[in-house]
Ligand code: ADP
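Before any questions on binding or motion, here is one chain by itself as structure tokens, the form predicted on its own.
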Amino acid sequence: MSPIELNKRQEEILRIVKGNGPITGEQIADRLHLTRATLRPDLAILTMAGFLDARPRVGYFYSGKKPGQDISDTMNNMKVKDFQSIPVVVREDVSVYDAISQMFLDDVGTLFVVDKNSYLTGVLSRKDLLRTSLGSQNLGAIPVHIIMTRMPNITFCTKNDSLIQAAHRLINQQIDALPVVEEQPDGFKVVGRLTKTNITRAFLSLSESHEL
């Protein structure tokens, strides 16, 4: 296995943590004039590769590189919560016409449908909406719950799932996005979304730290 190569930003993060640790992610971001979200992939990679350790309510501190750290171990430890994005949801009584407008306004390929209590009840894809719009029906009169994919036939993930697991689900089901859910007594709350783009960005960020 080739030795890990850090990019310039990751080297700067290590320098900051070495000199100021323990230090929070927000404090590191402030020093680099970046947002915490921008640094999240770098901090995840540095932590999983063994350069940094992190403790809740304390922050990051330098631990040194673990010899022989395998890239496959690093990839398996990458979590959905570190790379998920904000979900785009609609109510199940929204019309197909409004759902199409929402999809284009938010520039997404998948909408998650929730009930009045904000629990996940369905998923709408571009294909679902296109198939319906090709007919001569009044799209403003058709609620999305008629055409959506319903629970329990929805593939989803949780924030603590690995990206590898999520990627397998996306590929095996031939879908573009997964709702990230939090299980509650009465159903699943949608707390994020994970797309092929999220996963691609995560692995590109990982590749910058290795000689790939």
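All values derive from a computational prediction rather than experimental measurement. From 1 onward, residues are counted along the sequence shown.
The same protein also exists as the form predicted together with this ligand; that form is not shown, yet it is the one meant from here on.
Enquirer: Considering this ligand in the model of the complex, which of Ala177, Ala49, Ile28, Leu163 comes within 4.5 Å of it through any heavy atom?
Expert: Contact with this ligand in the model of the complex is made by Ala177 alone.
Enquirer: Between Asp98, Asp128, Asp82, Glu92, only one gets a heavy atom within 4.5 angstroms of this ligand in the model of the complex; which residue is that?
Expert: Contact check passes for Asp128.
Enquirer: Go through 35-43, 150-158, 182-190, 52-60 and give me the stretch that gets within 4.5 Å of this ligand in the model of the complex, heavy atoms only.
Expert: One stretch meets the cut-off, namely 150-158.
Enquirer: Wondering, does Met78 line up within 4.5 Å of this ligand in the model of the complex on heavy atoms?
Expert: Although this ligand is absent here, Met78 would stay clear of it in the model of the complex, with no heavy atoms inside 4.5 Å.
Enquirer: Does any part of Val114 reach within 4.5 Å of this ligand in the model of the complex? Heavy atoms only, please.
Expert: No.
Enquirer: Within 19-43, which residues have a heavy atom closer than or equal to 4.5 Å from this ligand in the model of the complex?
Expert: Result: empty, none.
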